[in-house]
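Given as structure tokens, the chain that follows is alone and in the form predicted alone.
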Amino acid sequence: MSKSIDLVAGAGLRDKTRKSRLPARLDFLQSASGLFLALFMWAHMIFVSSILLGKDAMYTITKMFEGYYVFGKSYPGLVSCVVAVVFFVFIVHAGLALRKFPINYRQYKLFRGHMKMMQHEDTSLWFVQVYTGFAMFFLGSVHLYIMLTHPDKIGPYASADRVWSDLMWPLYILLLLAVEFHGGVGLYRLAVKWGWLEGKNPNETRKKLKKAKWGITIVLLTLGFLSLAAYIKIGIAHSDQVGERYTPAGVEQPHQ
């Protein structure tokens, strides 16, 4: 009798809807892709800012990524391969992030109302991510497409010509602001979400993380604007010789 009761009590348990793990997995993928892109952008900023050390330094970095110092010949296609991977991760991350964006004006107004009422800094930071992420999807796609299709046009003169003579500097100013604010806020939110460096006092840790976030953002924005100014200066001086490639003194022009 008891056995039959147990069978009845357990009837249909397998048919019950289990809570899907998909949202958690998508959250993890969004976090992982965001972390990858943020770290890539930090490295990218270091490479781009090599122009501040002089044209020769930027030339060396460019040739390094083209494999010149390994193969003895430049292969710009290697740059395209790297950009293709970054572009793919960029699109995946954007698609995953769209899940949490307000999908209509009513949701937008509702969220804005809650944000004003709560006066919660972390909530406001999330809204900064929404704005900057939306801008990055368009601005970043343009830049990545150009790098993907014209990997041979990277260098002291080629990059400066693109910035100045091709009138890309307004886009790069907006992209720089969007990337650094989005990346800084994103890394802070990742640290809070996954409990990185939480310590014994989470509230105190958050305050320290926010200070570090703003410090890093200010440093990277300063470095970015100084680098952009250097490219603009070179581009203006080189505007009558657009298309010429830079080669350090005493170095034979590598075969492309």
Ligand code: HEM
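What you see is a predicted model, and the numbers here were worked out from it, not measured in a lab. Residue numbers run from 1 along the displayed sequence.
Heads up, the form predicted together with protoporphyrin IX containing FE (HEM) isn't pictured, but that's what we're talking about next.
**Student:** Look up in the model of the complex whether His44 has a non-hydrogen atom within 4.5 angstroms of protoporphyrin IX containing FE (HEM), and give yes or no.
**Tutor:** It does: once protoporphyrin IX containing FE (HEM) is placed as it appears in the model of the complex, His44 has a heavy atom within 4.5 Å of it.
**Student:** Given that protoporphyrin IX containing FE (HEM) is not shown alongside this chain, does Phe90 nevertheless sit within 4.5 Å of it in the model of the complex, heavy atom to heavy atom?
**Tutor:** Taking the distances in the model of the complex, the answer for Phe90 is yes, it comes within 4.5 Å of protoporphyrin IX containing FE (HEM).
**Student:** Although the partner isn't part of this model, could you tell me whether Tyr188 comes within 4.5 Å of protoporphyrin IX containing FE (HEM) in the model of the complex, counting any heavy atom of the residue?
**Tutor:** Looking in the model of the complex, residue contacts with protoporphyrin IX containing FE (HEM) do not include Tyr188, since no heavy atom lies within 4.5 Å.
**Student:** Answer with yes or no whether Phe40 is in contact with protoporphyrin IX containing FE (HEM) in the model of the complex, where contact means some heavy atom within 4.5 Å.
**Tutor:** Answer yes; at least one heavy atom of Phe40 falls within 4.5 Å of protoporphyrin IX containing FE (HEM) in the model of the complex.
**Student:** Would you check whether protoporphyrin IX containing FE (HEM), in the model of the complex, lies within 4.5 angstroms of a non-hydrogen atom from each of Ser31, Leu35 and Ala97?
**Tutor:** No, none of the three is in contact.
**Student:** So which of 23 to 31, 205 to 213, 226 to 234, 188 to 196 is the stretch with heavy atoms within 4.5 Å of protoporphyrin IX containing FE (HEM) in the model of the complex?
**Tutor:** Contact-bearing stretch, as computed: 226 to 234.
**Student:** Go through 142 to 174 residue by residue and record those having a heavy atom within 4.5 Å of protoporphyrin IX containing FE (HEM) in the model of the complex; state none if no residue qualifies.
**Tutor:** The stretch 142 to 174, when checked against protoporphyrin IX containing FE (HEM) in the model of the complex, contributes His143, Leu144, Met147, Ile154, Ser159, Arg162, Val163, Tyr172 at the 4.5 Å heavy-atom cut-off.
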